[in-house]
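Just one chain is shown here, as structure tokens, and it is the form predicted on its own.
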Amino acid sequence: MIITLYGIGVSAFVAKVRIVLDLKGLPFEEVPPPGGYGSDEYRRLVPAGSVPGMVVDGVPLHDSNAMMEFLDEIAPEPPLMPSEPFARARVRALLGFHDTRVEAAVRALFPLVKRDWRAEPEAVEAACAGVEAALERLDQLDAAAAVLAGEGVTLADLAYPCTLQMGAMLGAEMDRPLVLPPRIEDWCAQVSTLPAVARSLTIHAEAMEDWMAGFRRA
């Protein structure tokens, strides 16, 4: 099986697919989308034109959650989806909450870093408070378990670490550190000890630092 992952280092969506590939021990090549994502050149390989994109034996895939489930099905060890239907539904709901609430709230910090955020203290505060509100809601949704879905490490656990790191780095860059619910912070620290997660955190942190450095003002 030949797997090519198309992505960029700052993307938390790319990171969660990479984490699954590493955790499953699947050999793959990771490359940036040729011509940039959305380009005609890249769309010839992955018609959606989005990142991450993945081509498996010549067949293109898009959508990070679909890729994660696909990888869990073709390489069932270690299993990353629970066996019970309600628990699987919960994992999917937590993946959706990551994508539409937590990652989306963190993404709102990007344009502030690109602008002169020092001139917009109210906007910085509102955006960072939005991230914290999403994480408080996650804490309320989550059962008191070491991992989000409560049945060993699942796909839901693997989606969050790079996004939370991204939020922390962006908040620190704008002198407005994020405050995480203690249980969410402890859970993320635990998941981050997995070698596959730690590798992607390193890749992501280096890419984020390079990206932020390009917008720093003297």
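Predicted, not measured: the structure shown is a model, and the values here were computed from it. Numbering starts at 1 and follows the sequence shown.
A second form of this protein, the form predicted together with a small molecule, is not displayed here; the remarks below concern that form.
- Interface residue remark: E185 is not counted as part of the site for the small molecule in the predicted bound form, having no heavy atom within 4.5 Å.
- In the predicted bound form, none of the heavy atoms of R92 sits within 4.5 Å of a heavy atom of the small molecule.
- Contact between S192 and the small molecule in the predicted bound form is not found at the 4.5 Å heavy atom cutoff.
- The small molecule is not drawn, but in the predicted bound form it has a heavy atom within 4.5 Å of R107.
- Remark: of stretches 175-183, 23-31, 155-163, 59-67, the one touching the small molecule in the predicted bound form is 59-67 (heavy atom within 4.5 Å).
- Of the listed positions (D139, E120, D99, E132), a single one reaches within 4.5 angstroms of the small molecule by any non-hydrogen atom in the predicted bound form, namely D99.
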